[in-house]
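Have a look below at one chain only, the form predicted on its own, in structure tokens format.
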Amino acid sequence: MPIATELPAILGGNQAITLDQDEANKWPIISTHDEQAVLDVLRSGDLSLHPIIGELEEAYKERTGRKFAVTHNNGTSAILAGLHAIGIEPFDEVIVPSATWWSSVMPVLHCGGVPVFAELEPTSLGLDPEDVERKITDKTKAIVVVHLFGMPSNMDELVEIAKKYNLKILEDASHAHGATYKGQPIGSFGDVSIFSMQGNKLCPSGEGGILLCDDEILYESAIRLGHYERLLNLESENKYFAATGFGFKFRMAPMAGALAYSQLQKLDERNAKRNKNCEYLSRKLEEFGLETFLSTGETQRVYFEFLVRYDAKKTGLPIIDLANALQSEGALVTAPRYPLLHQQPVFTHGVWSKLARLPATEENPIHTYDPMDLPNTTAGNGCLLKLPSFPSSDTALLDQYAFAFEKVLAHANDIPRTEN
């Protein structure tokens, strides 16, 4: 346990964190190379269709080993295209996590599908394979796997379950650019796999996304939904839809693509810096009894976000009071930013069925959502604390963060409690 004798700032001591944090945590990092890449597209005048998009798609195919790639204007539209490609239809059930950004789940509704929430397992905060299998019915069509915060999910068991029940996997790898599972790139496991390139992702484009797969039929289905201009180049009957597509326009803006392609060249270097910093601090925090989700021998995680797990039973200090005390030290710590989806009004108040255009009534609800479901996920989410991911930090700032935790936890009994 911590042995610091200096008083925490919340009890009148000096702040532990005094170094400037702006540059250490600034993201995205924009270089002159990025600026030139965008300017080259801008000055070309080809602002809707430009060869840089094809170059970006080839780069992602090379990184993941996939046969097909198609960029999108954001990760959300890529997910919708992926669900369309794997054939989600009205009343199909899709097993999804609750602790994720809404884009992993809400597009299911616009296919007429029914999200079925499953528990997370505690090791990597991915879907719990045992609960996934319990949730499977004769209506289940697919599983949405999310590599939350950059931690690879348990793909062996999830892929085995999908094969056993003839289910499709949509792999949402939006947080996990550059991560691997047993040496295989994240983004290479799903029937379709998705990366987001939104502005705070590890490969930022401002807004953007990409869909990857190995099946030509799935690839053409994704094109058919939102890329009408590519249909004429196909040899299948899908080319006959070129005049209309299927009603969406999902292509990526070339200037965003140019930024993403430029950023992708620095991905491994910047991931290595983040990993080094977060691992350094993680090892210090583990000495104080926190769990830090370090990479294992079988997985190499990345740090879209840096979360640690805190057990209040060890100290008696509630997590909200721990966070308050750390903030007094100058630490940029917060609760996880994702509210649990199964507890949100769109599901608990029945709005979801209207979005899905399913004929649900009080007498025939099709599916109901109880905010008290998923007790393991709910309890686990309440034990997480979010730190910066330190993309450009040096060890001096990390040592100050460690000292902030040490001071606060060493005086846990004296920290003021928030009134209930």
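Counting begins at 1, following the sequence as shown. As the structure is a computational prediction, the values presented were derived from the model and not from experiment.
The discussion below concerns the form predicted in complex with a small molecule, not included here.
Partner proximity in the predicted bound form, defined as non-hydrogen atoms within 4.5 angstroms of the small molecule, places exactly one of 261-269, 153-161, 317-325, 193-201 at the interface: 193-201. Put simply, of S124, T299, S103, S282 only one has a heavy atom within 4.5 Å of the small molecule in the predicted bound form, and it is S103. The small molecule is not shown here, and in the predicted bound form it never comes within 4.5 Å of any heavy atom of S221. In the predicted bound form, at least one heavy atom of H175 sits within 4.5 Å of the small molecule. Proximity of G187 to the small molecule in the predicted bound form falls outside the 4.5 Å heavy atom cutoff. Residue contact check for N277: none of its heavy atoms lie within 4.5 Å of the small molecule in the predicted bound form. For the candidate spot formed by G75, V146 and G208, every residue has a non-hydrogen atom within 4.5 angstroms of the small molecule in the predicted bound form.
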